[in-house]
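Here's a solo chain for you in structure tokens, the form predicted alone.
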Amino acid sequence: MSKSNGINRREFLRLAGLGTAAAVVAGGVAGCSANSDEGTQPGGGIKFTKQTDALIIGTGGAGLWAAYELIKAGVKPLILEKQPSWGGDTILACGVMPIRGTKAQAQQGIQDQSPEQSWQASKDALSKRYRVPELIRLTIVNAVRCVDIWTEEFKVQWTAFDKNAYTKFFHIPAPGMQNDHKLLEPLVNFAKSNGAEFIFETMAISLIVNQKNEVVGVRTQDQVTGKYMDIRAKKILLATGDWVSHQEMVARYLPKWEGLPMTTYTSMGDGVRMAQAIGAAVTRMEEPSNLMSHFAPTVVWGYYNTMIHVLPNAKRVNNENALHEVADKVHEAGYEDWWTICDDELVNGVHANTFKTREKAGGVVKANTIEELAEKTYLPLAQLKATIEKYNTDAKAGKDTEFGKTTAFVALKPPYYAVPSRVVRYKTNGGLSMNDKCQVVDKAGTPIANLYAAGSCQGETTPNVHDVCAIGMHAGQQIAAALGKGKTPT
């Protein structure tokens, strides 16, 4: 057997999920076998023109933390991103990470549960919900480590914690929500300055596997020129986003969401679809995450400041502390939009920055009286007055007789502000099945060689930012260990 640059020219490979050819013979780097079935696949026969030890697909929190761990272990990864810049879905998130026991808390005089205490407190419930409880334990541990590294190594500044509030463990990069770029940029700079290679505007479209169904590379397509490139890699990490933007997948798994708009348009389930094409199993696909406001910070305000969510009929929707349920409640009531009513406590409070951002987008109403508020929002006056009066009466008595609200529960006072929201699809829970080493597995639970997953494309943890980052960190550690670098994580 002849070899070129260490690549066996007679190794039978195939592009999973593309075209109809049963097998494509691989060429060497910058070369191609005479029997490569040119033209039978989009992009023709397989021609490896680039190779790497570790290929990361996606530059959100998962991919960037995996890169951090690989670099620390002595591996320089190749990082692929279909968008013109880094960030993925992570950069679009609220940027609120509820994590206990960090050094950032300690610096502000807050002593909280350790990761082990947090795990023990929720172990039983989480073990019943998730297929691989060990991954959940690791997300709790690694989330703290992520924040500590951001704090100490990268000097990230955090919005001040309130020692006396429930939110004392909510980590938000200063000056407020939707500033996740301040978390990701130092990771990008770290990766670039330590030898990692980034390729932007290039989409992974198919995994390349051998006769044993071992993943050996990926076919990519330049999103500007349309040209194809095949990359050989010893280990591949799918750190792609979820599938909330993919209409066919939503129609199949979450049909109740099919007709709703979304906040992202790039969450197309790329990693899920590529891995399924080679037999990967999926999990929790029918388990919905939650709907959301088109401006997500609106619902988070309810943990910090007094406010109410009201339907177009002016009736209150839910307990405003339950920030992830309001859009679902609105949708269940038969509506697609709602108003959030607040006052100067919120407008000039800790989240003044995000309120101003929302205000600049248009549609926010200010009124000095309930009558003026009803006129400007087209909410029925009688019901609006009754709703606000009921809320204020309960707040003064210290008991929410409607929904049991406890946090940020004080009476509203003029001037009033009304912020409009639209119900949108936000994110999905389901994705690829994997084991506790982040290896993607098939339906029998057998690892697919050389293929790993992290981020929102996997369904073993939540798609929340802190879990995404934490599981990416773990995946990076596991890949480094598999490459014979660093220490095997415990």
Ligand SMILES: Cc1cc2nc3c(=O)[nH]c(=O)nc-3n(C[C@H](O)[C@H](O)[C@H](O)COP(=O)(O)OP(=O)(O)OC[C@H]3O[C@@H](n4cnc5c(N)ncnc54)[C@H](O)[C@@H]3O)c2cc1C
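As the structure is a computational prediction, the values presented were derived from the model and not from experiment. Each residue number is its position in the shown sequence, starting from 1.
One more form of this protein exists, namely the form predicted together with the ligand; it is left out here, but the text below deals with it.
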The ligand in the predicted complex: contacting segment from 239-247, 159-167, 383-391, 126-134, heavy atom within 4.5 Å: 239-247
Closest heavy atom of residue 464 to the ligand in the predicted complex, within 4.5 Å or not? yes
Does residue 57 reach the ligand in the predicted complex, with heavy atoms at most 4.5 Å apart? yes
Any of the heavy atoms of residue 93 lying within 4.5 Å of the ligand in the predicted complex? yes
Test of understanding: in the predicted complex, would residue 426 fall inside 4.5 Å of the ligand by heavy atoms? yes
Would you kindly say which of 151, 210, 264, 377 lies with a heavy atom within 4.5 Å of the ligand in the predicted complex? 264
Can you pick the one in 173, 87, 101, 302 that has a heavy atom within 4.5 Å of the ligand in the predicted complex? 87
Suppose contact means any heavy atom within 4.5 Å; which members of 177-206 contact the ligand in the predicted complex? 202, 203, 204
